[in-house]
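Single chain ahead, written as structure tokens, the form predicted on its own.
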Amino acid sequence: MIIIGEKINTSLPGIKEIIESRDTPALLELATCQAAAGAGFIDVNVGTGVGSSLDEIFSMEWAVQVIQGQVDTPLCIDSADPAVLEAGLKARNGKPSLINSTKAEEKNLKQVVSLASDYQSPLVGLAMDETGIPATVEERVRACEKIASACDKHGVPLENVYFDPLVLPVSTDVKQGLVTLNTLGVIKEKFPAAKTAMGLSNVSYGLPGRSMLNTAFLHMAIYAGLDAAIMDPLDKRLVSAITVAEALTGKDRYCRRYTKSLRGKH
């Protein structure tokens, strides 16, 4: 499974200050430690909520240039603003990137899916539309269908699409975990060529013992067909959960990765 390192995101404590102050050493530390821990992509979200779209564009350009000067791991360019996404992709100068994200809303689809086509970049598609996050599995899958149709129109193969079934906290609605898992299962059946991704830690927001909840949910999601997770690659419990789940679901031939992970622990 692909780990998308989540730690460079201004919604997390201290990251907004790093972006606003252009703290290069702190940004590089966040990137290098995630790369060393095995992240397949490093998410870069620089939206501080202060200033204009142009300010966010400048921040994205700075962050991408700083990180890619020292780190070879592909970046996940993360913004709700297509102009910021494009600025990040331009700054990558052809290096591998993941676009995060688009949704099933006509204007957003046209802008963001076009970027995926122009830059030959894989894309995260959120199972939501202009009205927000749907309450049911069926509505979320319909949003994915709209995204798939737009991708087909713009020549973006489904192999390059990571559908996100969306994760809401079970603290606000105890049924949300099941909605996400069931959506994930239907996506894998309906779009077998596509991949899936989700922001793992959202499920435990507002509850104690979050790592325990995240770990259990990750096991379930991998069984349901999860291909990538936006998560903390420094959380050894979570990383071990991936190894265990892949061994138990037949995704680790001869359990080699599992046994290798145990060497030196006993």
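The numbering used is simple: start at 1 and walk along the sequence shown. Quick caveat: nothing in here was measured; it's all calculated off a predicted structure.
What comes next is about the form predicted together with a further copy of the same chain, which does not appear here.
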### Task
Report whether all of 208, 258 and 262 sit within 4.5 Å of a further copy of the same chain in the model of the complex, measuring from non-hydrogen atoms.
yes
### Candidate from 83, 193, 135, 174 lying within 4.5 Å of a further copy of the same chain in the model of the complex - any heavy atom
174
### Query
So which of 48, 32, 68, 240 reaches within 4.5 angstroms of a further copy of the same chain in the model of the complex, heavy atom to heavy atom?
240
### Query
Is residue 41 close to a further copy of the same chain in the model of the complex, meaning a heavy atom pair under 4.5 Å apart or at it?
no
### Query
Within a 4.5 Å heavy atom cut-off, is residue 212 in contact with a further copy of the same chain in the model of the complex?
yes
### Task
Would you check, heavy atoms only and a 4.5 Å threshold, whether residue 248 touches a further copy of the same chain in the model of the complex?
yes
### Task
Report yes if any heavy atom of residue 244 sits within 4.5 Å of a heavy atom of a further copy of the same chain in the model of the complex; otherwise report no.
yes
### Summary
Only one of 212-220, 56-64, 24-32, 227-235 sits within 4.5 Å of a further copy of the same chain in the model of the complex by heavy atom distance, namely 212-220
